[in-house]
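Before any questions on how it binds or moves, here is one chain, the form predicted alone, in structure tokens.
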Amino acid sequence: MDYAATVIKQAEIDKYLSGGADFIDDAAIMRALESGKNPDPKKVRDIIAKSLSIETLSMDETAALLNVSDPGLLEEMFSAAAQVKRKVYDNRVVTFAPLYCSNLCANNCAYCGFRSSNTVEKRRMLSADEVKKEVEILAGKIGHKRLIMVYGEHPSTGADYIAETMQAAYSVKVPVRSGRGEIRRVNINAAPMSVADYKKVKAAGLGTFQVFQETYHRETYTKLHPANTVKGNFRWRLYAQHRAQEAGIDDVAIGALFGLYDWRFEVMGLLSHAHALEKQFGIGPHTVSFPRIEPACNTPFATRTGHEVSDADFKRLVCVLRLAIPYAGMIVTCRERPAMIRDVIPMCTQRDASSRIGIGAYSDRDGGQETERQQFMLSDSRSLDEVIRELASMGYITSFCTAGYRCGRTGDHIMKMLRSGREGRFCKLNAILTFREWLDDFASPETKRIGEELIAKELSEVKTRMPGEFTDEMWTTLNDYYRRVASGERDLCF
């Protein structure tokens, strides 16, 4: 029996279809993009106003934004996108690191260095002990609190392996300057699973489940993913987040790999996905990712797809996604150059730093960046300390908070708080506390100096926004927690 047949459960696809159809309607997307051409400026401003009220946009509204070309109107959109981000998430940026656990893969995607036909790739699968060594560096030397653990799709790295390596990551506790280095939240980027397998990884302490559709354009998807592979089944992947929700995982993440097809179509596909999740579960995606395709070892297709996305269009697509799905977290990664990240960070909520994507790359400093160990190439190799210093200089506080998830602010609960703006208040308070932790435990002297200047501004801003947004009780608790954190206590949160 072939591997794909053992993985795919057709009944777990069919139950979500409507009249035999899935939620991606290629023709309807094309019609909306065509009818949205030459949008009236007043209509565009009305759409922006809707987004500022933290309402998900319709397909037609989003198509109109995608068709804006007037420079002045585009600037209004960029400004509004930054306002939406600040309204929902305040001025904080969450940092994380990717931890690639295996590059074994049964799929053969044309654009991927991990594809099974790539004989140049050096294959490796980390043991639980090797994962711990990686986490000792990430949590004990660099200071990360969140990981996105990444897995290829292979019989050896299924749900049991994922659960084992997640638990290994959580088990690491490393003494640092004042407290201890540890991972407080593990998210995973992994192949679509059955409901039963999702329950296994949820029990292991899963935070967010992330999987990218890669491209929502059906014809392109078919060309790039051979039919005899698991990934060749468009709908098994399309309903991955639905099955995760069914299994009780209420934080799911979506994304597309921009550059495989027309970027406007992919934005509409991501919005269609958000609509489908909202309709089925009342909960949209926790985060949205929008990586651009990057070169990969022995993978010539990745350098000439015919749908390359320019820097200007990348900034536009980030802006439209922020306005179209205003409550969602938005992730920009080290695939992008530092200058590009600086350009879009006002609209984003998360980024990675100190990233190494070779298998065993953190503990093996000599060979960890070999191209034959990686899925693709990175464009930003700066350390977490450098990134945090830059963010602080720009007025953004780095948050290491994971309190919301451990306090039950997930799923429908957090969606309501995000739409109302209430979650941003908790984000701000917890960002101050966790940033203080990181500065004391890991920061270089210059980063600590700049970070402390920012904290002083943050504390002043909280007090200024009383009593409308922050109560006297919250202010008293914040001061108490802050004093205790500065004295060496850890993991205090709202």
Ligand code: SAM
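Only a predicted model underlies this, so the values are computations on that prediction, with no experimental measurement involved. Quick note: we count residues from 1 along the sequence shown, nothing fancier.
Keep in mind the form predicted in complex with this ligand is missing from the figure; the text below concerns it.
Proximity to this ligand in the predicted bound form, taken as a non-hydrogen atom within 4.5 angstroms, holds for one residue of E294, D343, D197, E246, which is E294. The partner is absent here, but in the predicted bound form a heavy atom of A191, alone among A191, M330, L138, V93, sits within 4.5 Å of this ligand. In the predicted bound form, this ligand sits within 4.5 Å of a heavy atom of E153. Contact annotation: A302 falls within 4.5 Å of this ligand in the predicted bound form, judged by heavy atom distances. Interface membership of Y111, defined by any non-hydrogen atom within 4.5 Å of this ligand in the predicted bound form, is confirmed. Using a 4.5 angstroms threshold between heavy atoms, W263 stays clear of this ligand in the predicted bound form. Picking from 274-282, 111-119, 386-394, 164-172 the stretch near this ligand in the predicted bound form, with a 4.5 Å limit on heavy atoms, gives 111-119. Of the residues in 250-270, only L257 comes within 4.5 Å of this ligand in the predicted bound form through at least one heavy atom.
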